[in-house]
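This document opens with one chain alone, in structure tokens, the form predicted on its own.
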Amino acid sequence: MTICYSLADFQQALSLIPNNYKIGFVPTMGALHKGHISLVEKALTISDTVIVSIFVNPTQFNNPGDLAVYPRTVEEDCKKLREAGASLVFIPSVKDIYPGDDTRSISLGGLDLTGEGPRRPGHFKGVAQVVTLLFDIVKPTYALFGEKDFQQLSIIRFFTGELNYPIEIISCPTVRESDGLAMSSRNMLLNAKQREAAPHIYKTLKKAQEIASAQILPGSKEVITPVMLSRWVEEEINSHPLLKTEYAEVVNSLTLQLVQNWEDARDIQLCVAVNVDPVRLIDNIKLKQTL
């Protein structure tokens, strides 16, 4: 496995890959866990070579404090990637990615108007900036992203198509701990009591999935709407003293627009953000899927 700490070194390494090779690309911000490694493993099954980037992108952090405490474990990350079978690791500097002001305007198609978008102003603009710049550098055949960041995945799919990138976006299922907690680099910031509380999030999502299937509130005969379910999820998560729901939204899986009635969309997703003070976790679950 080759590790490149500069753009020049990476371009040199990239030039050695045969032109007919299919390149699988896994962009990350490091602090790698089994979820990231599952993306690498999937890439290995469809590609001739697998490239992983590690770059904590400053433009997608609307909170400087969050950027400052974001976990950085490069040495351990490279060890995991070597064991997983990655071929090339790109660990650029901020100057490598942003040599000057990036004044491009990338359309997000309104997919940023719910969920993370209003709560983290500029976040998805930063995601679009860094992902497109990395695509331009790596020129992959496939790019792999996890479904835990469901809204991000949807937005990346949108602008990849809008900008006519010849790249196939591959989505991979959320990888969870044995107690259901979605694997996230932020999990390592949880203390013991917070870590014990966090699985209540997924437990609530699973129950919400059951309620959506039956469309009946627990303990009653009242038909539940998506709006009512969102309210129930928020109250259920908040019933744990260490958890505070930032949002619980039932959305169209394709447009990410809020759903008022179950008939409004063929595919429906429940997305949540929860503060386990001071750690902010996101998760999601499919409520309805028309095959």
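From a predicted model like this one, the values you see are computed outputs, not experimental measurements. Start at 1 with the first residue shown and count on from there.
What follows is about the form predicted together with pantoate (PAF), which we do not show.
Can you pick the stretch from 167-175, 197-205, 128-136, 78-86 whose heavy atoms fall within 4.5 Å of pantoate (PAF) in the predicted complex? Of the stretches listed, the one contacting the partner is 128-136.
Determine whether any heavy atom of N187 comes within 4.5 Å of a heavy atom of pantoate (PAF) in the predicted complex, and answer yes or no. Although pantoate (PAF) is absent here, N187 would stay clear of it in the predicted complex, with no heavy atoms inside 4.5 Å.
Exercise. Is T160 one of the residues lying within 4.5 Å of pantoate (PAF) in the predicted complex, judged by heavy atom distances?
Worked result: Taking the distances in the predicted complex, the answer for T160 is no, it never comes within 4.5 Å of pantoate (PAF).
message: Whether S47 contacts pantoate (PAF) in the predicted complex should be assessed with a 4.5 Å heavy atom distance threshold; does it?
response: Judged by the heavy-atom cut-off of 4.5 Å, S47 is well away from pantoate (PAF) in the predicted complex.
### Task
Decide whether F145 counts as a contact residue for pantoate (PAF) in the predicted complex under a heavy atom distance cut-off of 4.5 Å.
Yes, F145 is a contact residue.
query = Of the options S253, N57, T245, S230, which one has a non-hydrogen atom that comes within 4.5 Å of pantoate (PAF) in the predicted complex?
reply = Comparing distances to pantoate (PAF) in the predicted complex, the residue within 4.5 Å is N57.
query = With pantoate (PAF) left out of view, which of I237, M29, A265, I224 would have a heavy atom within 4.5 Å of it in the predicted complex?
reply = Looking at I237, M29, A265, I224 one by one, just M29 meets the 4.5 Å heavy-atom criterion.
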